Structures are given as C-alpha cells and as structure tokens.
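Here you get one chain, nothing else, as structure tokens; it is the form predicted alone.
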C-alpha cells in the first residue's frame, strides 16, 4: 500500500518542477537581489526603505486600503452567503451566475468601469445631482474611498465563496434550538452562527487581504500616482528608476506581509476547526 502511494506521489513531480522553475527560482533570485547593495551584501536596502517617511506612508496606506477593502467585502459577503445558502432552484443559479460571471472579466475592464463611474460627469455624480443629493459634481476619482469600493467589488467573490461553502454545511436547526432555550437573536448570532462560520470568514479575509495588498491595476486606474501603493512603488522602481535593489526590497516586504497573513489565517482556521 505504501509503495503504491509512493508511485502515485510521483505524479506530482512534473508540477513541482514546473512551479520551482517558473516561481520558486525567480523568487529566490528576487529575494537575493534585495540584499545586494552598493557596499556589498547586507540589509542596507531595508534600512534605507524603513528610514524614509514617504516609504512608511506608502506602506501604511497599502495596509490600510487592504484592511478596509477586506472589511467592506466582508460586510457585503456575509449576508450574501446566507442568502445564497437559503436560495433554491433558479434563485441559486441567479446568485451563482451573478457572482461568478464577473470573474470572467479582466481586472482592467472592471477597474476601468469603476473609473468611468466615479468621474465628475459619471453616472454616479449625475444620479446624485438628479435626485438633489448634491448641487454639483463631487470629487470621487483619485480618492482612497473610491479605491476601497472598487477593490472590494473586484475581490468580492473571493470573500463570498468561502463563507458560502461553510454556511451551506451548517445545521439550520441549531439557531432554532438556541431560540427554544430562550436565546435572543443577537445571542444566537454571536454564540451560534458566527463561531460556526468563522473558518469561512478567516479564509475569505485571507484571500481578499492578500489580493488587496498586492493589487496594481486597480489603484493605477482609480487613484493614479497621487496615492501610490507598494505595488506601484515596485513598478516605478523597476520600470522608471531602474533600481532593481529597491524594487526587490519592496517586493520582499510585500511578500513577507502576504505570507504572514496566510500563515496566521491557516493557524487561526486550524484553531477554530479544533474548537468545533
């Protein structure tokens, strides 16, 4: 039996070699480049990066936007996942199509659509003026709020689907059982429903945060160069400044944040699963 499993595991060798060649090896080269400064090998590039207030401001903005995007996506995705779990027949199909179909569009198309919507003469400004909410166009483009809304829309399916997968498996009689024991709706949610759905929430939040913190196209089209993110600094370092060391350093910092989030979410999901 063990020998058979060993032979089956050999089927994964081509995929591992392929991933090592196109992902692991270039990544190791990128990380090695970040430790190569004008004075030789060391961490001078990292010290220089964290010593610059502008870089720290960009780093904090990137983390803040990723956190706000994750929070907004969670607020929208959580009730949506429950609605999908309780839907049947044609309504479930409608939910799934509405959720999955936008994923077939490129990120550029969706980000550009939001940039058109947020313009001074865009549909949103015209609608607000038509209903009398504003007397003139308000500035939406090139703002952090627009970036968070656009990013949350693009990454929303990655939050909905993990929560939906967990909610779909819940025993619908558990809240009713708690109600029969005198539990209030708030108590049922905080002590029954929410703890049972936390693994899906953690997985979805990890997905959305990792995607949000490394996004490049969406901030480039919605906020431009006025409010740069870490990914935009990486592109500028490689494409315009021709500073490979700086670009590699920023890439390594961004990668460390993303990996830390994934590892923490995996640990937290394991703890939550063990409790259940």
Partner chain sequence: MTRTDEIFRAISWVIGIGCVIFLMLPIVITVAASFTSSPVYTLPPPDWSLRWYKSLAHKSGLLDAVMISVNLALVSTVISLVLGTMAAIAVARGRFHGKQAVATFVVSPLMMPGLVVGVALLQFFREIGLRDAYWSLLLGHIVITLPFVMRTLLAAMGSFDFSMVDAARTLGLSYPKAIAKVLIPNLAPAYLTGGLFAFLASMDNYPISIFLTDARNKTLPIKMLQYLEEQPDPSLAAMSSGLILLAVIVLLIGARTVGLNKMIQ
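Between two forms, the rigid core is the largest collection of C-alphas that superpose within 1.5 Å. None of the values given here were measured: they were computed from a predicted structure. Positions refer to the first chain, counted from 1.
Although not depicted, the form predicted in complex with its partner chain is the subject of the following passage.
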Taking its partner chain as it sits in the predicted bound form, is residue 130 in contact with it (heavy atom to heavy atom, 4.5 Å or less)? no
Against its partner chain in the predicted bound form, would residue 145 count as a contact residue? Criterion: heavy atoms within 4.5 Å. no
Just checking whether residue 201 would be counted as a contact of its partner chain in the predicted bound form - the rule being heavy atoms within 4.5 angstroms. no
Residue 241 near its partner chain in the predicted bound form, any heavy atom under 4.5 Å? no
Counting only heavy atoms, which residues in 214 to 232 are within 4.5 Å of its partner chain in the predicted bound form? 214, 216, 217, 221, 231
On a rigid core superposition, would residue 21 pass a 2 Å threshold for CA movement between this form and the one not shown? yes
